[in-house]
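Next up: just one chain, as structure tokens, the form predicted on its own.
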């Protein structure tokens, strides 16, 4: 009983001394704009094939498709290791719980706002075209 009182007193003392932790600022404001990923479906090329990112930094990733071919852009490992704030399609915002890929049925633009949370090297590609040049990587430090 005496030992239990000592442990309880220690826990209460630690709780009374510990200061609450608060983050300053808003992590999801003023995102860094990555270079646009332009998809040329006639030449089967991406305008960018490598992006350098930092963990804990807020980014906007814009994908612009010319509409020549129906394409799904995949980046499941990056998205699984990131906090996705929003996806913007034609000025309409989606607040997803998670993300696997985005798909273009026609020309258009999709913005993905996210914070990478785990370092690593993550591939992105157009499904079915990764061996024909529509592939790249994110390097998260």
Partner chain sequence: MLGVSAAAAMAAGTGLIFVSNEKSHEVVVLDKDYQIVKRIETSRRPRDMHFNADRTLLYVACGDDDVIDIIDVDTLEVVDSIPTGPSPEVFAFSPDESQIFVSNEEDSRLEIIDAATRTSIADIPTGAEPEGVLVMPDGKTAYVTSEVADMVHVVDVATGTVTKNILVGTRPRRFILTPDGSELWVSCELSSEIYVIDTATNEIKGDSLIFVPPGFREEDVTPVGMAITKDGSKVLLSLGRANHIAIIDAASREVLKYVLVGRRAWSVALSSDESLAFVANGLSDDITVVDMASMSALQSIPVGRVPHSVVIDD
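Residue numbers count along the first chain shown, from 1. Given the structure is predicted, the values throughout are model-derived calculations rather than measurements.
Although it is not shown, the form predicted in complex with the partner chain is what the next lines describe.
- With the partner omitted from this view, the residue of 88, 44, 27, 38 that lies near the partner chain in the model of the complex is 44 [heavy atom within 4.5 Å].
- This chain appears without its partner; in the model of the complex, the one residue of 56, 98, 67, 76 with a heavy atom within 4.5 Å of the partner chain is 67.
- In short, of 90 to 98, 30 to 38, 56 to 64, 103 to 111 it is 103 to 111 that has heavy atoms within 4.5 Å of the partner chain in the model of the complex.
- Residue 123 falls outside the set of residues with a heavy atom inside 4.5 Å of the partner chain in the model of the complex.
- For the chain shown alone, residue 132 is a contact residue for the partner chain in the model of the complex, at least one non-hydrogen atom being within 4.5 angstroms.
- With a 4.5 Å cutoff on heavy atoms, residue 128 counts as touching the partner chain in the model of the complex.
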